[in-house]
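Taking the form predicted alone, here's one chain by itself in structure tokens.
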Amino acid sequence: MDLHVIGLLVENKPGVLNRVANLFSRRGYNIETISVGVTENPEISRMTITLKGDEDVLEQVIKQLNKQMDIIKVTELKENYVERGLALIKVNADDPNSRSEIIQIADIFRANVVDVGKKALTIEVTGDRTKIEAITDMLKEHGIKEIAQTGTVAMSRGRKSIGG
């Protein structure tokens, strides 16, 4: 199944996120990631949703989203867009050698060590899904204790915008 990225402009008012999530739930579609934040206009929020499915699923989701009164605009981001996510990854680091290796991995991915404990390091990494997956794979050999990730945020490159 393909992973699709959908950008939405919605009215910035209570309950909109719940109505969008319920729409997916009622149809039996799983949201892979979701992120929401206010735009340059405080009355409008931007949502970025990722979901897996074929073209028929995507078409149905977009049709259903367009029927919602609180949704101003729905756009699939197919190509020529920028996406980012943030992950915090806590890794076992009991001995000095593993600490050194973990820090080298973080440097390679331009990630930051944001917390140092006696037995663990916490790495902060931002990037697209492939970058976060790649550093996670590299850190697995040291023993990942915990991962926290944000949803994807995305927008078109250049002058094109979701609003027109």
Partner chain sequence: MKGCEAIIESLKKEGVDKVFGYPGGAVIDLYDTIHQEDEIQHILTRHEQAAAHAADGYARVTGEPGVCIATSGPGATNLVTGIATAHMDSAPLIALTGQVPTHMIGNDAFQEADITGITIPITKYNSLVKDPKELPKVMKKAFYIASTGRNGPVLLDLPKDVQQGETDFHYPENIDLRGYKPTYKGHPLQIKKASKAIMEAERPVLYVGGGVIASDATKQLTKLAEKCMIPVVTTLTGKGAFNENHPLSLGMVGMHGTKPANYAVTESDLIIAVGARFDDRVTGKLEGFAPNATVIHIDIDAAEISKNIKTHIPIVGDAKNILKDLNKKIDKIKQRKQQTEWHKKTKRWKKEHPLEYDETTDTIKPQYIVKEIDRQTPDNTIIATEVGQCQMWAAQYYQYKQPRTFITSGGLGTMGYGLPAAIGAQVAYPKRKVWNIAGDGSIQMNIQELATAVKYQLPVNIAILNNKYLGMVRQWQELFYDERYSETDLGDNPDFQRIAEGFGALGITVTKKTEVPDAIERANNTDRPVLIDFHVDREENVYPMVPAGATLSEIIDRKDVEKTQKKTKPTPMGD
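Quick caveat, the model's predicted, so the values are computed rather than measured. Positions refer to the first chain, counted from 1.
Another form exists, predicted together with its partner chain; not displayed. Remarks below refer to it.
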- Query: Picking from 121-129, 37-45, 92-100, 108-116, which part of the chain touches its partner chain in the model of the complex when contact means heavy atoms within 4.5 Å?
  - Reply: 37-45
- Query: Looking at its partner chain in the model of the complex, is some heavy atom of each of R26, E59 and D70 within 4.5 Å of it?
  - Reply: yes
- Within a 4.5 Å heavy atom cut-off, is R19 in contact with its partner chain in the model of the complex? yes
- E11, heavy atom within 4.5 angstroms of its partner chain in the model of the complex: yes
- Query: Taking heavy atoms and a 4.5 Å cut-off, does K63 contact its partner chain in the model of the complex?
  - Reply: yes
